[in-house]
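This document starts with two versions of one protein chain, written out as structure tokens and named structure 1 and structure 2.
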Structure 1
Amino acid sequence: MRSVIKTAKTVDEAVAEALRELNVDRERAKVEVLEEPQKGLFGLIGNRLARVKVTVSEDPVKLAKEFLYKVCDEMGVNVYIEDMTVDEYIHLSFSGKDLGILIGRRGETLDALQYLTNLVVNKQVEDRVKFILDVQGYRKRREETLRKLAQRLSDKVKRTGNKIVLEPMNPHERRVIHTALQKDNRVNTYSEGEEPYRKVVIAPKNS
């Protein structure tokens, strides 16, 4: 969000000047008149200029895409980014060739880019937005893998009666594990440790 305050003889002039400085069209800006102009006595004493505040709120999707296209360009990857809004989340999915480097080991690069995009865009817009980044369906595939892993490990816990500590995961991935085993009444799941090394534990339910 950017705003400027301008003074001029008339409101229109002040607004025009502000728009020129912000380099935006009238439709994309919000205008607040701080002071109406006033003609003084005989047009000489007590003249008051118009004072306006003009604010542009930018489109968060556009900002996010601009940022990510630049980042990908610097990283030397050619991408096409599609956006889709689901509930309060804006999904940005990348397609292109050799996008493995955008994902990284267990999605760490993708998570880093997602975190940075959220920071950069929310710095510039009025209402907070949440972005989820995905590369060619990676997140969905990873979720499926995690769900299968949860199932396999919970079977092992039931068989052996020993708890299993999983490798560190981010909050989203931990939630997938917890949810997958929520209805299982023979095992308990909980998380332990500190971010970013927090791990899910699958333990047998003592009955």
Structure 2
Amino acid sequence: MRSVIKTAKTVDEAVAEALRELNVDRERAKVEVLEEPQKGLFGLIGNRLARVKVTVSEDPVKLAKEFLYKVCDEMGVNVYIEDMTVDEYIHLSFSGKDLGILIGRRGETLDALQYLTNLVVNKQVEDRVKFILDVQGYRKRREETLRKLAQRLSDKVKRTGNKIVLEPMNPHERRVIHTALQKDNRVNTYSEGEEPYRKVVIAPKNS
């Protein structure tokens, strides 16, 4: 978020000067009038100029794409990024060739990029936004793998009567496990540990 404070003879003139400096249209800016202009004695002595604060309303998607294109360029990866808003999340999907480097081992690189994108953008916008990054449908495939894993481990827990602690997962992947087993009346799921090492536990319901 960028702001400037300008003074001029009128509010309109002060706003126009601020918009020129910020290089933005009036529609993208928030204007706060700090002081109204006022004429002094006989219109000469003690005149007070208009004083305004103009703040740019940054586009979070534009900021995110600029950041990610720069990172990908540094990594030597050519990508195209599409955006789509679903509920409270902004989904950014990468397409291109040889993008495995953006995913990393079990999605670790993709998770890191997602974390950094949220961090960088939310430092520059007024209202908090949430981004989910995906590379050529990796998230969907990973979710399906996790659902199958949850079912397989649930069956093992019911068969042995012993709880199972999964490997550390990010919040989104933990939620997939919890959701997959929430209707199973023979097991409980809960998370334990501290980020980024927080894990899902699958346990018999009577434990």
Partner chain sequence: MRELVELLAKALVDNPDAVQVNEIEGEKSVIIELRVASEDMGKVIGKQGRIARAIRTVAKAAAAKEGKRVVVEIL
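Start at 1 and count along the sequence of structure 1; that gives the residue numbers used here. Here the rigid core means the biggest group of C-alpha atoms that line up within 1.5 Å when the two forms are laid on top of each other. Everything numeric here is computed off the predicted structure, so don't read it as measured data.
Structure 1, not structure 2, is the form predicted in complex with its partner chain. The rotation of the smaller rigid part against the larger one between structures 1 and 2 comes to 8 degrees. The Cα position of residue 162 changes by 4.1 Å between structures 1 and 2 once both are aligned on the rigid core.
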